[in-house]
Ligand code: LLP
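One chain comes next, on its own, written out as structure tokens in the form predicted on its own.
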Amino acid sequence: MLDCNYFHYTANTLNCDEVRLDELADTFGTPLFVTSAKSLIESYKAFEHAFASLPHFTCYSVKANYNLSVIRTFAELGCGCDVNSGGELYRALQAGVLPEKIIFAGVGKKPEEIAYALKSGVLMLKAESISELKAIDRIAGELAKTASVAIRINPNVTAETHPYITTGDSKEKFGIDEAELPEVFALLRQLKHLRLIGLDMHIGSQIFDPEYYVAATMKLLDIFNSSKELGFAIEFLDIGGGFPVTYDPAKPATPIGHFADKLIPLLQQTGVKVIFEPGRYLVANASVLLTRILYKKRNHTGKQFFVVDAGMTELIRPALYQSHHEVLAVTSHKQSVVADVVGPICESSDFFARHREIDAAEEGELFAVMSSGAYAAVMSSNYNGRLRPAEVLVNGSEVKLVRKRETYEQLVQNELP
């Protein structure tokens, strides 16, 4: 099993906390996302414990899983939020997050999103270009406000992760290049409606080696010292997120304490508050995707398939990133087979597992696609006219429906004749 401590077998049936997953499927149908509230809470506490000796502020990265109940769970623990759009800001506010605990990121903020953030009173906007700094200044002036901003630095550190989730390399679109900083600092002296309060970086996701964080942090600290010499009063250093989780038991994630051991000594000396933006770390292993086996089939080569009722429209990570997700039979079997677990979508990339040893389940039985809490439901789509699935939150023996399954009527409700 993975780090999914709240998903376990009891009498050969996979449970979430004290609730049988087969009973949830019978009640709410499939596909179905099932999330453990206790897992969310314990992941947050583990992160806070690791960095307890460092003055810091944790902002949950909403893009990983923006269900209102998930956001609210973290908000009730004192966590802030990192949002990347007007829609994510709206969700965070609807979930009860105080605006002064929200930071607004994103490389392409629209003018109306900048205005929405300023009117809402967020802690800061993180700017990623000279043009964006000018836009924030202009909009803040029109609103007769002073905008608190951080600048996101691209530290040009290439971490060993999938190329689609590396964000700190100078080849990528994110952040302001180090070479532009003299121009940026000069501009910030001229713009009358901006107040620089933070420096930010983010080098990617699923980063197993703490030394990449060390290298990027050292660059950020050099810039921090330069900004102080120029007279800027920096209040926050934002280290970003990207801390790893275990998807494949053969590739266990580096414990969060290893990152804390490396980063705390570097950051303590600054005397400012550090912001972290964990997303995946907090939610990935808190959820599973339940899916029912529709058909078993075998081709002329002997290759075997399980065709299930969930697909890339519910969980696109295997298709998009070639990501590994464990697939477990909800009712355990003594026998296993080597097979592909595939969905019903009209794409060859629609699979959850290829040539994997899987329990020899039968048609009508259930699989649980593990570690489905991050970048799953939030990236779901209606491709092939699919209905986005329901979501439930389990806390011990309590079960709460936190997102209804879509209906056919909702598929066309915004379309005009």
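These numbers were taken from a predicted model, which means no experiment stands behind them. Start at 1 with the first residue shown and count on from there.
Another form exists, predicted together with the ligand; not displayed. Remarks below refer to it.
For a residue to qualify, one of its non-hydrogen atoms must sit within 4.5 Å of the ligand in the predicted bound form; all three of S61, D82 and F243 qualify.
Contact annotation: of the candidates F28, Y66, Y375, Y44, the single residue with a non-hydrogen atom within 4.5 angstroms of the ligand in the predicted bound form is Y375. Checking S227, T73, S148, Q206 for any heavy atom within 4.5 Å of the ligand in the predicted bound form turns up a single hit: Q206. Proximity of G279 to the ligand in the predicted bound form: non-hydrogen atoms within 4.5 Å are present. In the predicted bound form, the ligand sits within 4.5 Å of a heavy atom belonging to Y321.
In the predicted bound form, the ligand lies farther than 4.5 Å from every heavy atom of R91.
A360 falls outside the set of residues with a heavy atom inside 4.5 Å of the ligand in the predicted bound form. From the list 113-121, 326-334, 235-243, 254-262, the contact stretch for the ligand in the predicted bound form under a 4.5 Å heavy atom rule is 235-243. Shown here without the ligand, the chain has only R152 in 137-155 lying with a heavy atom within 4.5 Å of that partner in the predicted bound form.
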